[in-house]
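This document starts with two versions of one protein chain, written out as structure tokens and named structure 1 and structure 2.
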Structure 1
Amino acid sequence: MPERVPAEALRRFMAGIYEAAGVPAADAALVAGLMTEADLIGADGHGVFRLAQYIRRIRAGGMNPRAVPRIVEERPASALIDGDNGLGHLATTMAARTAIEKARTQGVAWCGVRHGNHAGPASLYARMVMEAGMIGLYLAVGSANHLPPWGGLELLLSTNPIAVAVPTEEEPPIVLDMATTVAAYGKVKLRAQRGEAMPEGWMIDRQGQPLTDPKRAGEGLLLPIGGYKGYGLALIFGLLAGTLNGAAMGREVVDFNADDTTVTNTGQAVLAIDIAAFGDPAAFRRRVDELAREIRGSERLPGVDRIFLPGEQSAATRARRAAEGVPIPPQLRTQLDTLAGELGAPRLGA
């Protein structure tokens, strides 16, 4: 059974690990906080689960522990940020904060990132914008290619996720966070670590047959959502978050699951929409509340107990885990203890 670890203990542990690996204290605290938030909302493939991989890349020279992201191109409603090959959370946070600041005067702002890295769940950055009272949108090029073009075999596209966060007045915020594939690759990795099979429909092998063993994922292809439509979305999101920014796309994408030394040049994009540019923000939030209640209260199919809106279940998970702690499976706990020992950092819970 997984043990439950208080969120603050998890955050302190991760910050200590990053500092031991040479990351400045302020950056370590920011990234650790965002990774803890990922675990709190139930994005288990993007929280502490990723810590050992990030540290491995730092130690192998594939990621810059002392990166200083900076704006390299700027206009009143846009900016391009170079992440200096640092932890992806740093450059993407800078993009979100810059987009918020610009949207306050311009109404709408778009910020792109190049030379970033894997930055956790997409919703983190859309939520950042939402918490400033705006509508947030986030796009990214995934950190490894697992998706072929529709009808093809060569892995030229990634899960290329999108997140949109819309504020409400009383209801839980509307937060959509999804990959353009049926399952994100992090979920495949989690299944492999836990020794669990994948459902049919996540992956196929190179003969087009269902693949359910996550340990054979390297032989397989992720399936796009909605068939050819998901492939189209993955392509467009990659062009906007990657190619537009001078970041990697197609054959340029580095598989950061298998390669710890090559610079990934991961691309992301954050859009902020100031609701006040379109009318009264409070009135907008009330209308979103009304729509949410309409949808939740609408007629259901037989056997369906409740209609959920995007973000409701993650909000419930966050409340539960904030009270009960974040579940850490035994295999992951062993990995974290080993990592702390290698770096001479305090163990989790110490």
Structure 2
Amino acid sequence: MPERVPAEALRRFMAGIYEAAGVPAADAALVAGLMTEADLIGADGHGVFRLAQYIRRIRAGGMNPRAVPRIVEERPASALIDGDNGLGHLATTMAARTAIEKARTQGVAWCGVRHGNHAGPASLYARMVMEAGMIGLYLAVGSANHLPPWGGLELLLSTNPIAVAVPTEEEPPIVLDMATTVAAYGKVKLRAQRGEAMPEGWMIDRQGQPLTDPKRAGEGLLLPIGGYKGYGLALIFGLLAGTLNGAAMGREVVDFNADDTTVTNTGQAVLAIDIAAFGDPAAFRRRVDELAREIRGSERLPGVDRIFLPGEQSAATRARRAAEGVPIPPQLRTQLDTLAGELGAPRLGA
């Protein structure tokens, strides 16, 4: 059983690390809060797991710890934010907050980011909009290319994700957060760690044959959902979150797992839709509740115990981890202790 750490202790620890690495206190608190939220909802590859990598990038000069994101293009329902090469969470939060504020009067708003960085799980920013009572949508260019075009071999595309969050009245909110590949690359790495084979359909090798040994993932290509359809979605999300904002796309995308110094120029986009601009928000939320119940209560395939709505499982994880703490595997604990020692910052839980 891995150690479990209360969310508040995790948040405090991460904020302390960021401050020790030169990040202003308010920014450190914001990013630590969002990364803790990632851990709470079960996005384990996007929370404290990423801390050492982000700090490594800051110390290598690849990311600006004192970044000041700012709006560089603006219309009543749109904005382009330059993230000043800071922690991706800062510019993306600014995009979400700007979209919310604009949508409240304009009905909808779309805000893009350039010169951002990896910003954690897509759902964070869709949820941020949802918590303001709106429908939130988020797109991002992934931080490493793992996907070739359909029929191709060159990794020109990433797992470019989409998240959409829709508020409900009594049901858990509907929150979809998905990569455009059958499996996210993190799932492949997890199989390799566990010594388990991958199912056919996750990856192919360079001859186009199924690749099921996760240790050979380096020679493999991820497969997009629905074949050419997922390829199309990854391309389109990349154009909307990257190219439109003057951010990296295609061969410009830096593999931020392998390279700590090159500016990534990561792009993201947030859409906010004010439900009140289309009718009564409470009536909408009740109708979403009804649909959720209709789906959950509908007839199931033999052997299926339960039909889930998108976001239901992460809501359950969040409730459990908020009560019981966030699991921290021993090797991650060791890495975090080393990091605290290097920076002279308080240790986790200290």
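Quick caveat: nothing in here was measured; it's all calculated off a predicted structure. Throughout, rigid core stands for the largest set of C-alpha atoms superposing within 1.5 Å between the two forms. FYI, numbering is relative to structure 1, first residue = 1.
Peer 1: Do you reckon the form predicted alone is 1 or 2?
Peer 2: Between the two, the form predicted alone is shown as structure 1, not structure 2.
Peer 1: Rigid-part split between the two structures: do Ile225 and Val72 share a side?
Peer 2: For Ile225 and Val72, the answer is no, because the two are assigned to different rigid parts.
Peer 1: Let me make sure I follow: superposing on C-alpha atoms, what angle in degrees does the smaller rigid part rotate through relative to the larger between the two structures?
Peer 2: Comparing the two forms, the smaller part rotates by 13 degrees relative to the larger.
Peer 1: Rigid core superposed, Lys189 Cα shift between the two structures in Å?
Peer 2: Shift of Lys189 at C-alpha, rigid core superposed: 4.1 Å.
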